[in-house]
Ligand code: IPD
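For reference, the chain that follows is the form predicted on its own, supplied as structure tokens.
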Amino acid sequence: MDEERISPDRAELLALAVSVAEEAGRMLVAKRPARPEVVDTKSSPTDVVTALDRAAEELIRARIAEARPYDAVLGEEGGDTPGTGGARWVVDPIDGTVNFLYGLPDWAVSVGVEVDGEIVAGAVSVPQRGELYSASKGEGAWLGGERLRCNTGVELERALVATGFGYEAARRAVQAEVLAHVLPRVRDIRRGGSCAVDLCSVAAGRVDAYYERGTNYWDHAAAGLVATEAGARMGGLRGRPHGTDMLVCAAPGLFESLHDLLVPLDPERDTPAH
């Protein structure tokens, strides 16, 4: 098995990520009923799981196991499966499950690949828009055959900023307080409902920036690489790395401006001011 521990070829990893993300996306579109049923909830009654979340992750895991049986897999629905191979796959079978449930188009299949603790390749399929985002570390980000570049030179006051909201009521109350201070300082706000799609939108220049508290690793593993390979900066507050506490993403310059707007608002708390 020693050969399995050799750092794998990134082009091969990316090709597999693209293939499985697209296949899962096609399956989800084909099998989605008119009204998908919620089969479970996670952190709250609004944090839902459908049967197709699980079916999609099972499909992705099966395809990865066929191609690279020794690799580890971290999936939103199936948890962390250890491996002895050279890579770990970070999978979100449906990022934006509520959108999927309601028939809205902004949901994604996200497949990132981690080698030595770093995401080196990723694919984000947005099936109902017919879009496939991909990136490989140091090789740029792509939407289909188009090289992506995030918007640069945008002042905070002219920035279109995407964000999202958590599932717990208290956290949402804080996020509403923060939003009330952010909204007058920017061009406008967009709330799409999928972290992965929002990050890809930064990469594609469809929004200028994105911030959110409460995202998970599988939400941004692939899309974060797409955004940074398109020239965006991604991080947390006060020099910390991005994570569940906070994720901010924008071109350099705008990143710092948005960061400095957020810090005094204490957006990482979960207790409303009033």
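When you see a residue number, it is the position in the sequence shown, counting from 1. Note that the structure is predicted; figures quoted are calculated from it, not measured.
Another form, the form predicted together with ligand IPD, is not on view; read the next lines as being about it.
The stretch from 90-98, 116-124, 178-186, 136-144 that comes within 4.5 Å of ligand IPD in the predicted bound form, counting heavy atoms only, is 90-98. Within this chain, residue 167 lines the site of ligand IPD in the predicted bound form, having a heavy atom no more than 4.5 Å away. Using a 4.5 angstroms limit between non-hydrogen atoms, residue 191 touches ligand IPD in the predicted bound form. Although the partner is absent here, residue 212 sits close enough that one of its heavy atoms falls within 4.5 Å of ligand IPD in the predicted bound form. Under a 4.5 angstroms non-hydrogen atom cutoff, ligand IPD in the predicted bound form has residue 219 among its neighbouring residues.
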